[in-house]
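First comes one chain, alone, set out as structure tokens in the form predicted on its own.
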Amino acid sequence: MSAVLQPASVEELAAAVRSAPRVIATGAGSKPRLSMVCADAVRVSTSRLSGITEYEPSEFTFTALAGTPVREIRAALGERGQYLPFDPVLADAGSTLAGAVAAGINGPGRWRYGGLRDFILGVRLVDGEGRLLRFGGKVVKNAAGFDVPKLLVGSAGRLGVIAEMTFKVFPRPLAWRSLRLPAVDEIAKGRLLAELGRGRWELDAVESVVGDPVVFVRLGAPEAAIDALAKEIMDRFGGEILGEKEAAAWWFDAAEFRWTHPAGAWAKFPLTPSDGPAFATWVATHPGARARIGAAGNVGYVSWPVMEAAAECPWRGVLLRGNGPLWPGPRRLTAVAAAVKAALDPVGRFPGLED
């Protein structure tokens, strides 16, 4: 890929898409496998399309351009005591808002309130014909038309180039507590994750490291209630409360994926809690692989020490960094997916769904 276009406005973005027969959108490059496509594709960078264009704290919504760094959004929301509960990942690595949507990756906090797909309200999108289209809206109560914004989550830039997005936000919890709960092996850990997931405690995050005999839990609640919740959980499962510095470091490491091999491959796999033991066994067959299970057992992440990802995967996932198929594992392309692709990119300007 020799050409890199850097439009400075939404209109220039549409013109950039129309200027070449094959294009791929790029952001900060924190998930590089998404943009590893055919050599003749022109890269359209959204880095100059940056900034929050609207923010209504009283309405709990904001609108921002595609290339806006997640850390800037996090800081602006934090000044008003608000946040995006799904913990946008790789903020310190420079991840952009559109890149987060394209990858469809959530941080530890997605367990309690849902993931990125549950918070996106509207988008402006340049389709395969170079048209600037608007889908969804800028208010929470919006039910007009197809919910195209949610289709773009995890689409890896194969359906269009995002120009602008609107999200809803939540008030930030007043207090946090993090617990470390024991689990003697992966089978016990799977049972613990399932019980925590269906419990009444409304846990903010539930994560574990494959191979470590513990589960990490985060609570977010009013100060008056959080100690009682923590005590009730530890009375039932054992464990201990993490100190503030240790807890902050652990969750930062989880959201920034600092635990992955910097020079290796990295992939995400949707799971169910019952998949945990089999997932751990599969990871153990790859020397040097590191893995974590998040969202109370509903998602797994693997990092290999080399850039070559595992050739055979029991679960269908997405490769975020490394060499190999973008979608490793078994996959069936549905007629619905093909129809959406044909509607938004009828001339095939963007990479195919399997590229």
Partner chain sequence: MTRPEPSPALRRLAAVVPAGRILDGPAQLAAYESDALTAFQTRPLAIVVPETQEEVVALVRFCHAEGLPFVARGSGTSLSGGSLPVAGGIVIALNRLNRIRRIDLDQRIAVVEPGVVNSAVTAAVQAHGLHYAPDPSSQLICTIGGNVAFNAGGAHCLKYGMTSNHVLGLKAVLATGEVVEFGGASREQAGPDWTGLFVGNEGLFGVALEITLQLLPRAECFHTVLAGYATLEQAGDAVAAIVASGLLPGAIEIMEKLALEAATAAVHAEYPPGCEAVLIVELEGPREVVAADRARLDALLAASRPVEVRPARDAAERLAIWKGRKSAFSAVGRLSPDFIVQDGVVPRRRLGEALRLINGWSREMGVRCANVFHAGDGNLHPLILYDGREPGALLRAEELAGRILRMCVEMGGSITGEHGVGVEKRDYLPAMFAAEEIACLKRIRSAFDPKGIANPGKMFPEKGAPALVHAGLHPLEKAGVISRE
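Note that the structure is predicted; figures quoted are calculated from it, not measured. Numbering follows the first chain given and starts at 1.
Beyond the structure shown, there is the form predicted in complex with the partner chain, which is absent from this document and is the topic of what follows.
J.: Wondering, does Y113 line up within 4.5 Å of the partner chain in the predicted complex on heavy atoms?
T.: Answer yes; at least one heavy atom of Y113 falls within 4.5 Å of the partner chain in the predicted complex.
J.: Check R117 for me: does it contact the partner chain in the predicted complex (non-hydrogen atoms, 4.5 angstroms)?
T.: Yes - in the predicted complex, heavy atoms of R117 and the partner chain come within 4.5 Å of each other.
J.: When the contact criterion is heavy atoms within 4.5 Å, does S208 count as touching the partner chain in the predicted complex?
T.: No, S208 sits far enough from the partner chain in the predicted complex that none of its heavy atoms falls within 4.5 Å.
J.: K150 versus the partner chain, in the predicted complex: is there a non-hydrogen atom within 4.5 Å?
T.: Taking the distances in the predicted complex, the answer for K150 is yes, it comes within 4.5 Å of the partner chain.
J.: Only one of A248, A175, V139, A75 gets a heavy atom within 4.5 Å of the partner chain in the predicted complex. Which one?
T.: By the 4.5 Å criterion, the partner-contacting residue is V139.
J.: Going by heavy atom distances of 4.5 angstroms or less, which of A228, A263, A278, A188 would be at the interface with the partner chain in the predicted complex?
T.: Answer to the contact question: A228.
J.: Taking the partner as it appears in the predicted complex, which of 165-173, 250-258, 235-243, 281-289 has residues with heavy atoms within 4.5 Å of the partner chain?
T.: It is 165-173 that comes within 4.5 Å of the partner.
J.: Spell it out for me: taking the partner chain in the predicted complex, does every residue among K268, V340 and A343 have a heavy atom no farther than 4.5 Å from it?
T.: Contact check passed for all of K268, V340 and A343.
J.: So which bits of 50-64 sit within 4.5 Å of the partner chain in the predicted complex, heavy atoms only?
T.: The stretch 50-64, when checked against the partner chain in the predicted complex, contributes E56, S58, E59, F60 at the 4.5 Å heavy-atom cut-off.
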